[in-house]
Ligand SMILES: Nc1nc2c(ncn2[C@@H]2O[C@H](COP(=O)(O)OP(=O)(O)O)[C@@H](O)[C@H]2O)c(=O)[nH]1
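Presented as structure tokens, the chain that follows is alone, the form predicted alone.
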Amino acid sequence: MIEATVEARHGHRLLVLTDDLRSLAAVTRGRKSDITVGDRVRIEELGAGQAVIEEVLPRRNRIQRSDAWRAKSLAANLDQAAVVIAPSPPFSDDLLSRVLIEARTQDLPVALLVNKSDLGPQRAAIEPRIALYRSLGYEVLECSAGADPEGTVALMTPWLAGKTTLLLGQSGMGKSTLVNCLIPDANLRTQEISIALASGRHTTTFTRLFQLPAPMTGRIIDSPGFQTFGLEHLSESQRLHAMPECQALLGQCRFHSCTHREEPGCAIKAAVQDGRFDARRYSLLLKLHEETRVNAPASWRR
């Protein structure tokens, strides 16, 4: 058997990339339903570009999202992530913060990639929000993949070098333009993967891994744009510890069992009132509590 990396998945169909960069169509033995892009696997080659996945190797990390019924893995074994946001259409603080929380629970470095930065007035309008995330310790990279592709490649090349990077973003942020900027044949490669995964039917709603073209090094994993990003697989403690502004305040409330909602002497509520804790981020904290309070499987309450 040889080792490979899961390159793409659609339903029960997978592609794996061998360490010598051969792409093989793969199936699994048994019910290995949780395999995700980026997983390292041991495979047995069958010839004619086919393989069987015999074993999934231990993961370093995994990014996922969930609702009250199921969790969906996006990628595994990552070195870093970039959340693509833009001034037009306006990005969602709610969605961005959810991704940042998930990444921090996996100890995954994450940067904000502000695309369409050439849109002057619109870019200026979101500066206070960008400044907030900078103040929380998040790296911010600015680019204009559509208007300045060469500058975007120059900016991203050293940051991506030698790493496996997950690209995430809500729909409309220009993530596809960014991917095509970094990987000129990305559309062709996506079509090839689509055909291989869907047996002739065209699909674009899957996560896929790309090897960056020389002289760049590293890999990017491009995930579909999203409009929701549930975190019901995380406990309340995990969510609180994943918000940088909460960490210094935890343990300072009057009551040990403080829910940070109605109790007197709550350190987090006091920080919101005096401006040390962003009101939108506090609203998200409350919203996440309500989402996970009802109907989430007990097995996710870790």
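Don't overthink the numbering: it's just position in the shown sequence, from 1. Predicted model, so just to flag it, every value in this text is computed and none were measured.
The form predicted together with the ligand is left out here; the points below concern that form.
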{"query": "Candidate stretches 133-141, 228-236, 111-119, 91-99 - the one whose heavy atoms come within 4.5 Å of the ligand in the predicted bound form", "finding": "111-119"}
{"query": "The ligand contact in the predicted bound form: Thr177, any heavy atom under 4.5 Å", "finding": "yes"}
{"query": "Partner proximity in the predicted bound form: Leu155 to the ligand, non-hydrogen atom cutoff 4.5 Å", "finding": "no"}
{"query": "Partner proximity in the predicted bound form: Gly172 to the ligand, non-hydrogen atom cutoff 4.5 Å", "finding": "yes"}
{"query": "Distance check, Ala161 to the ligand in the predicted bound form, heavy atom within 4.5 Å", "finding": "no"}
{"query": "In the predicted bound form, the residue from Ala71, Ala125, Ala147, Ile195 that sits within 4.5 Å of the ligand by heavy atoms", "finding": "Ala147"}
